[in-house]
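Below sits a lone chain in structure tokens, taken as the form predicted on its own.
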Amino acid sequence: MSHCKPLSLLLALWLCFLKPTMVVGGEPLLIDPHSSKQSDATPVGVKECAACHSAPSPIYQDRGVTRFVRLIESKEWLERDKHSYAYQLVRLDELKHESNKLASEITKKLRYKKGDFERNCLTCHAGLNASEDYDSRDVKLDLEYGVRCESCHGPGSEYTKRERHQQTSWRGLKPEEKSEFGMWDLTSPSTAAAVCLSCHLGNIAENRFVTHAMYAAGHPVLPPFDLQIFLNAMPPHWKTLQEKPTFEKQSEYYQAHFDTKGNTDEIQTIKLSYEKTRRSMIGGLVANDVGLDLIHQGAAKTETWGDYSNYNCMGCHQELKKNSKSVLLDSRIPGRPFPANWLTLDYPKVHASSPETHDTLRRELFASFDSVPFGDTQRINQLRDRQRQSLEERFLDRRKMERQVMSKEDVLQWLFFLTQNREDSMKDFWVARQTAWMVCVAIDELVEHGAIAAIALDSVDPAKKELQKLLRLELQIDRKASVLESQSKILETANRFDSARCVALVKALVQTAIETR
């Protein structure tokens, strides 16, 4: 039997059979209880933020504020970041760019009516809340700024009231205390990953979810997620710990975010922590939990259950030949669509509270997809309360881990775990890509810290370059670059993916790092 058509063409074939649906699922399981958006705070708008964050005033410079925060965030965001251009790429009244034409074609194919575009597209492309009045003057003005400040940092009415967050005392508040005022403290990788993934993976309850109908109509495939890789591509408009010199309320800040008494030696130790690897690790673990959460959200209501985008794409879109190597899963029952292969990432060293309980729950959840085509929603809903408790325990475990210094030995243990835990699942291109990102982030940071011998770099660099080419690891940096061209290239790369070579390269990189410690 001949090979199947490329995935991009297969997606288009579904257009004749799919109807657009409004996706509204059950309440999320609170992957990050402190970023659950339950504060009474409301948005204040981009201009309120830009008043201070476009350029530092002489007063703030004299006070040393810029030693802690740049105060050029709005300018950097608007001029350089892809998120600020997210609305411009899909606006339907501007058809000069091919992305605008694509957005217009998608909405026509999905037969969107008034309000559907805002509810289904602009919740991510402009950071809108699904309940906002899209016709209001303030909302229309803010659309021009794309994914706005408060889309990521939280609604500002409470933390800007009486200039709360401008007071140096604000630095001494813990992330969960800041969330009570509506601010999502993105210094926490758990919180940052949960906020990013509400769009970059999805949240049905917030109407942020790319349905299979959207994909079939032409929406680009969402890439796998790595928090640090995505942050590298933004570009940064913040200061890292290493970039912050001595600043006012420094001891209080470190006590609020780390297990330290604030003395100089401990602060210097924290600055030597492997923060990039930590963000990559935590982001991957949170992505795993958000994926499980999406299954529960979809199962909560009949009208949101069974959307194909909640399943592994290659369960259907694969080579139609005997003994195909595209999908080799011994546990798969033929004819049963199954969840994404990357929903198996766990790390007992971080999730110490109830690893056995969580593993049992995941196995029970996946078994429901074997027993009934597309999954047994009754069984999934029965698992919901236990899953909620497990995910919240995992969140608290990650919070504890975030407060610890991540050492070189911790990084090496993480790398070794990845090679052991993901060798089989790296037969899947998307799992391999996410895993390679995690490995490369850790390897790069080990090199930055001088933890890999110079002689070993002769083998590290070629392996990384080959892995980069094999998986097309680079993210599209140019915010105005062709989305369709990038989509075509990544699908071509997926079609010719050599999983055996990928595993060998990952193992070689990790082995080199371990041997030179």
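Start at 1 and count along the sequence shown; that's the residue number. Owing to the predicted nature of the structure, the values given are computational and were not obtained by experimental measurement.
One more form of this protein should be noted, the form predicted together with a small molecule, which is absent from this view; the next part is about it.
Contact here is defined as any heavy atom lying within 4.5 Å of the small molecule in the predicted bound form, and by that definition each of 60, 77 and 147 is a contact residue. Contact annotation for residue 220: at least one heavy atom lies within 4.5 Å of the small molecule in the predicted bound form. Not displayed here, the small molecule is kept clear of residue 464 by more than 4.5 Å at the level of heavy atoms in the predicted bound form.
When contacts are judged by a 4.5 Å heavy atom cut-off, residue 159 counts as touching the small molecule in the predicted bound form. Contact between residue 416 and the small molecule in the predicted bound form is not found at the 4.5 Å heavy atom cutoff. Contact with the small molecule, judged by heavy atoms within 4.5 Å in the predicted bound form, is confined among 239-247, 381-389, 360-368, 443-451 to 239-247. Proximity to the small molecule in the predicted bound form, taken as a non-hydrogen atom within 4.5 angstroms, holds for one residue of 124, 426, 295, 282, which is 124. Residue-level contacts in the predicted bound form: of 333, 233, 141, 372, one residue has a heavy atom within 4.5 Å of the small molecule, and it is 233.
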